[in-house]
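Below sits a lone chain in structure tokens, taken as the form predicted on its own.
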């Protein structure tokens, strides 16, 4: 069983690679010449890396023809919402073109590969309180260029399945975090600020944005197990929410992180961290996915945050 992981050097990609190796899969991953390798440095003897520019159809076609994978986990993306405000067309082009090139290459060679597409709860966007927990049938009202790009990826997955019979499963993942999460994302950013304060690298002031947003957090290690199950047991063409079903305000998450540290820290709002528009609540209903695959989250949120803090404490 050969598995291709696009964006293998990223946060989710590195955890996906670890999971696949435990399943006994042969793991091939795509990188770019500027990819950081620190998340997968401990895996280099067990995986194979291929340089591939997903926005270049020839590069993707060559990769797919050479590797002919059985499973494809398409995780590569511009995944940071604020960046999409600054570079909307780059975000949309990067996320949409890369996926189209991948689909076209699989279609051209007639591969029977199963493809998992990492979509996002940001697609739901403006959710009314009475619409929570959010089901897959909820209207999509995206509120950022990133969310728009994910809607396009989602519907392209459906279209290529219906039009060409590609075995595509669309996973709509709610917020996920854990060790190796990029420091620009809220849980990791707060954890790193706490550790920098603990180590005396910055004054005891933690800068925050909107603390009232409500989010459904799942541990990344539970999420990658879900991605595997999506291809093992999910129906091609279907979309599935992956979510814990529990909601925390950003303020509650921060309070939990602060409780794991002994230092006294002042919390201060930084206007530059506020977005032009923010999704108020993202609470997912994953009953459809649980029924199809038997998946359920196993790692408590407290452990996720403790492991995230320990990750930053272990960094030089």
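Here the structure is a predicted model, which means the values were calculated and not measured. Numbering follows the first chain given and starts at 1.
The same protein also has a form predicted in complex with a small molecule, omitted here; what follows describes it.
Stretch-level contact check against the small molecule in the model of the complex with heavy atoms at 4.5 Å: of 172 to 180, 97 to 105, 153 to 161, 132 to 140, the positive one is 172 to 180. No residue in the set 68, 73 and 165 has a non-hydrogen atom no more than 4.5 Å from the small molecule in the model of the complex. Only one of 186, 231, 195, 220 lies close to the small molecule in the model of the complex, with a heavy atom inside 4.5 Å, and it is 186. For the residues 287, 258, 43, 250, the 4.5 Å heavy atom test against the small molecule in the model of the complex is passed only by 250. Proximity of residue 210 to the small molecule in the model of the complex falls within the 4.5 Å heavy atom cutoff. At the 4.5 Å threshold, heavy atoms of residue 115 stay clear of the small molecule in the model of the complex, well away from it.
Contact annotation: residue 127 falls outside 4.5 Å of the small molecule in the model of the complex, judged by heavy atom distances. Heavy atoms of residue 81 reach within 4.5 Å of the small molecule in the model of the complex, making it an interface residue.
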